[in-house]
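Here you get one chain, nothing else, as structure tokens; it is the form predicted on its own.
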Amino acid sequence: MDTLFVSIAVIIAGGVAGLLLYRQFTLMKLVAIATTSAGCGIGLFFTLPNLFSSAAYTVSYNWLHVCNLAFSIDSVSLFFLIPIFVIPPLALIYSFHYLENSAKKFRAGVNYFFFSVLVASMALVVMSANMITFLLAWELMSLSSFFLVMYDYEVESNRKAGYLYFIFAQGGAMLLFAAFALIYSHTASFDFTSFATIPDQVKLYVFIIAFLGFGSKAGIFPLHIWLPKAHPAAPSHISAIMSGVMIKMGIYGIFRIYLLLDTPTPLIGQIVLVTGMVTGILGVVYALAKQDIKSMLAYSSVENIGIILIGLGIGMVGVSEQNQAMAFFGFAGAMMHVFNHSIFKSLLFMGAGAVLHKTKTKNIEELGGLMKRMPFTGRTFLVGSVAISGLPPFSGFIGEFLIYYGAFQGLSSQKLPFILIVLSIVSLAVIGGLAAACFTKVVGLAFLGEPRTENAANAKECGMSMRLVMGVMALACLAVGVLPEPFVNLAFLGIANIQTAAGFSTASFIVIIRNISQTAALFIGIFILVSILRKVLYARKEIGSGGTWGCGFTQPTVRMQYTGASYADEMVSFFKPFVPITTLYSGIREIFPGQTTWSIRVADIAESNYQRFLTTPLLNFVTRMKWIQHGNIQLYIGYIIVAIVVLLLFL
């Protein structure tokens, strides 16, 4: 386990070096990237072999003779350490050409420093073995990510996004403090191993409070509203880390507290399952309605958190139903989707970053035709889009297939569990269909057709380091889809230390996975063969070229192309009770009308209700209480005395 601490020390050293060398811009980037990546490599060197051996380690240190810092790793911790050590080095390499403005060299140095702190704190979160260690690491993770979101702090919308993220991060932390305090009041111990000893009736309350706290970080509905604000505000390689890895710390927390509480209460699994269904469906509907590509990807992350929760919920219901197969594949599917999402969502955010970098816009209504101008970015973004839509032969299909398989194992259940399992299968199908529609919209509008603005028409391919990373991630999406067996075994190893999963035979399922692998390989082979044949058959033919989406008109314009709003309108309108839509239409009143406009605006129902029932009343209350502020020091001392007296009355 000492190797992990060495890894964390090297990661932090990389960040400090970036801060100290900021005056030498290129050298600073090279040293920070190389050192932090080396630290992640050391961590991965420890993690993978120990995951295969199902090793478990525990160590503790006295800190300043005040408290005990305890660390422990098991198969679940080791599995979550894989994306923590794999994705950040790729994001750092991507940043070499992404952070190319030398006028912001000090800001870039600060960015590398907090990046390293974020990676180190995420590793410490999954290694923590008592409340104090966990909360220290959790707060470090939240604060470092807050400073990363505030990279372009001079932009007002970015500052608002950062403050909103900070409020939700600290609100979630307060709930975790409350859950841990409730446990401590029954155990008088900070150790995680004491969680299972609290009374059963208290365990449900503890789980619900902690679920909300961790859910705020993960982005469950309706605690998700910071994601669509923070991700567009942060640099794209930071969005990739936050969405691909950091929000999974919320998932880790939910899974960990469930395992620590060790409660057979079926209500916990049902809560997680229903939350997952609601989060997944509403997340993808809001993603479909968005025209800002990074905001759309953020809502897509909400959707994928819903899919992961559905997997966890199926596993938990399987445990309460004493259905080992259902529990095993539910948990394994959730873990597999955690791994897959860290890859394809990072790839998509980096692709969006490349588009933003070259076109200076995130609005897909102002893009178009980028497949010809940025072919590498377009093709890798297409791979990520197919993968996240859960379509074979790419990685997203494998994780969702495991969750489906776990759900089908539970169809023999009775009454409420049976209804929930059927609903979860239907929800997964709905989410998959809407996700495919969402990403056909993005790819179709941004990368196909004709450019809608001059910036899109003049766009060029992004830098080498950015292309290299996107290429590696696209290949990883394909590798997991075509050769899934080693990756599925990795997910199985991730739950090896869970009592419910231990000893379950996967031999028959591995046969199914091998058949999927062979079918995917056959598909790829046919695709390559058809591509070669097309090249050969068209080699000597004269091929003309012209504008796409002309629709038979002799003088087509880009205004004739589909807009994002018109493409998604029918599908989003179906969910109108949960997705408030405002339509702005100037109308046609003459036989030969002039210019007319039509647009729709979709409001996030959670954000609207926060505004209506929480923010506005609170703001009104604070405004009315302004009379307390007088600027008189004697009066303020009087307030303090009154507050102390009131507090003493409660003690």
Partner chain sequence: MESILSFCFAVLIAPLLPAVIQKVKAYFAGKQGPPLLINYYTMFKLFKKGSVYSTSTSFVFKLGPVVGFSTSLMMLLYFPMAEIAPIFSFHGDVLILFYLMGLGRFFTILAALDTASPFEGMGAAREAFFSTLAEMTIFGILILFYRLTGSLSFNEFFSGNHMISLIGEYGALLILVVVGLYIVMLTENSRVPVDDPATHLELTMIHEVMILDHSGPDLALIELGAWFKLLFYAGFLARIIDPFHADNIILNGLIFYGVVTFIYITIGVVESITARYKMPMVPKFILTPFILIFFVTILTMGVLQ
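Take the two forms, find the largest set of C-alpha atoms that superpose within 1.5 Å, and that set is the rigid core. This one's a predicted model, so the numbers in the text were calculated from it and none came from an experiment. Numbering follows the first chain given and starts at 1.
The form predicted together with the partner chain exists for this protein as well; it is not shown, and the discussion that follows is about that form.
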Select from the listed residues Phe401, Tyr252, Phe504, Phe190 the one whose heavy atoms reach within 4.5 Å of the partner chain in the predicted complex. Phe401
Note which of Asn101, Gln322, Asn458, Ser531 lies within 4.5 Å of the partner chain in the predicted complex, where distance is taken over heavy atoms; exactly one does. Ser531
Hey, of 265-273, 105-113, 568-576, 87-95, which bit sits against the partner chain in the predicted complex at 4.5 Å between non-hydrogen atoms? 568-576
Does at least one non-hydrogen atom of Phe523 fall within 4.5 angstroms of the partner chain in the predicted complex? yes
Considering non-hydrogen atoms and a 4.5 Å limit, does the partner chain approach Ser545 in the predicted complex? yes
Residue-level contact is defined here as any heavy atom of the residue lying within 4.5 Å of the partner chain in the predicted complex; does Phe180 satisfy this criterion? no
How about Tyr538 - does it come within 4.5 Å of the partner chain in the predicted complex, if we only consider non-hydrogen atoms? yes
Non-hydrogen atom within 4.5 Å of the partner chain in the predicted complex for each of Phe166, Ile238 and Thr453: no
From first to last in sequence, which residues of 376-415 have any non-hydrogen atom within 4.5 angstroms of the partner chain in the predicted complex? Arg379, Leu382, Ser385, Val386, Ser389, Gly390, Leu391, Pro392, Pro393, Phe397, Glu400, Phe401, Tyr404, Tyr405, Phe408, Gln409, Leu411, Ser412, Ser413, Gln414, Lys415
Please state whether Lys541 has a C-alpha shift of 2 Å or more between this form and the one not shown, with the rigid core used for the fit. yes
